[in-house]
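Only one chain is shown below, in structure tokens, and it's the form predicted alone.
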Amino acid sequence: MFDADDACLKCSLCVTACPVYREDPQFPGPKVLGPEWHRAALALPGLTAADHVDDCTFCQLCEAACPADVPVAHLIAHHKASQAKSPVVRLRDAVLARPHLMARAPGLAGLGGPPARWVGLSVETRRPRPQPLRWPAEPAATGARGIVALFVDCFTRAYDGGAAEAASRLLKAWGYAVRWVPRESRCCGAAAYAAGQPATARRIAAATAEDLGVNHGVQAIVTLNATCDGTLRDEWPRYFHQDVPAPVVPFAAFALAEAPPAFWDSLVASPSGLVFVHTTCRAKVSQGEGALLALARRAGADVVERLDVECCGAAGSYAFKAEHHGVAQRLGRRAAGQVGGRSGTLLVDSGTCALHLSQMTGLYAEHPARWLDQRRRGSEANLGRSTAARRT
């Protein structure tokens, strides 16, 4: 089915790396649910799904730890597809696997009380609030350094439009023409794949790829969400068999590489206070750690601290499901202990991680594009006040 799907050495490094295994005593672990179950299923077609397979968050840290390059998390995703579920749970999971459709009616995320309990949604997990964005006109590239496509994921489109607008302002300030994509509300396919619906994920990704089009002249696709970034870069070519029309670059990495030195120098005078940064599990696997830390320090943050958390527990729609609420809370508790009631700003490039960590720690969670844009505006305001004071 996959390359190296039968290459498991039984070394158990994937188990050691699994954050759920350490927090949930009933979770069998990635080795049992991934390669071992896959081998058994090949020998016994129609094998019943194992208990607690759905407790996997699809963080892919198991795959990053595997010395044999076994696609452990992807095998578990296919394992999830064999689960027997009630009609109500199937309906709930079908909706959560299509966040691009929910983005067209963002108020549905606020469903609470008895209706939420009836469909198996957690009534304790914080929900996002609608924040629509203003879709810009097609940019003119005359005189620009180049054209970049800003990938506006479905969460950003419905619940954090300000992050897309801030990123667009910054990219333009750095000399780029910005083309927002995809035009329609689309999903990269990550939500469906993590929910054990790989065939649905491929169909969703194919529709998004078609909507992206060729995008002639685009030199990079800048992403705002770490999960979408990893999915476009890794799942699309390897598992979804979709071409990506340009190199995929997360916003933080693009800022570090392309923002001119004068931009960074101008931010130093704007105070920031304590800044925490959290690199999501998908970003760790796809890009490694360091970009958000480097961005905060390059922007002159007074004190920067990395959250020592592997998977925060949000994991897309994972924390929104009632049966996963306890595990999600335990995964996020480590961050709460590290913060210890201190005040500050948390930089994280995932909307659901921002919601979950903000609820767990009490920190104000901010997308790095928003934070950087606010610091730019603060520096400009400080410069304006200094100029006015000199004139008087």
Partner chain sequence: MTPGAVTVVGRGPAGLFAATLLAAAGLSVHVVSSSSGTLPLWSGRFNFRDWDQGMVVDNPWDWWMEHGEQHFVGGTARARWRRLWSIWRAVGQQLGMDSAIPERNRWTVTPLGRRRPVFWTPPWELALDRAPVAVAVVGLEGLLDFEPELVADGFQGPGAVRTLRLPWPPDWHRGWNTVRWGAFLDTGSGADWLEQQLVRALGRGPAGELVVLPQVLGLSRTDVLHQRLERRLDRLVREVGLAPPGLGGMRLEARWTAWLLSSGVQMHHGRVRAIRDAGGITLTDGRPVGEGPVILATGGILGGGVCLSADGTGVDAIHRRLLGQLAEGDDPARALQWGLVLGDGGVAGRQTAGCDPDVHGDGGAVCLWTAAEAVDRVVPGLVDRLSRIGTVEVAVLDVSVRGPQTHKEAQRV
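Here the structure is a predicted model, which is why all the values come from computation and not from measurement. Numbering follows the first chain given and starts at 1.
The following text describes the form predicted together with the partner chain, which does not appear among the structures shown.
- The listed set 41, 49, 64, 336 contains one residue whose heavy atoms approach the partner chain in the predicted bound form to within 4.5 Å, identified as 64.
- Judged against the partner chain in the predicted bound form with a 4.5 angstroms heavy atom cut-off, the residues 15, 27 and 288 are in contact without exception.
- With the partner omitted here, the stretch from 278-286, 79-87, 109-117, 160-168 that lies within 4.5 Å of the partner chain by heavy atoms in the predicted bound form is 278-286.
- For residue 377, no non-hydrogen atom is located within 4.5 Å of the partner chain in the predicted bound form, even though that partner is not displayed.
- Although the partner is absent here, residue 22 sits close enough that one of its heavy atoms falls within 4.5 Å of the partner chain in the predicted bound form.
- Although the partner is absent from this view, residue 145 stays clear of the partner chain in the predicted bound form, with no non-hydrogen atom inside 4.5 angstroms.
- In the predicted bound form, the partner chain lies farther than 4.5 Å from every heavy atom of residue 207.
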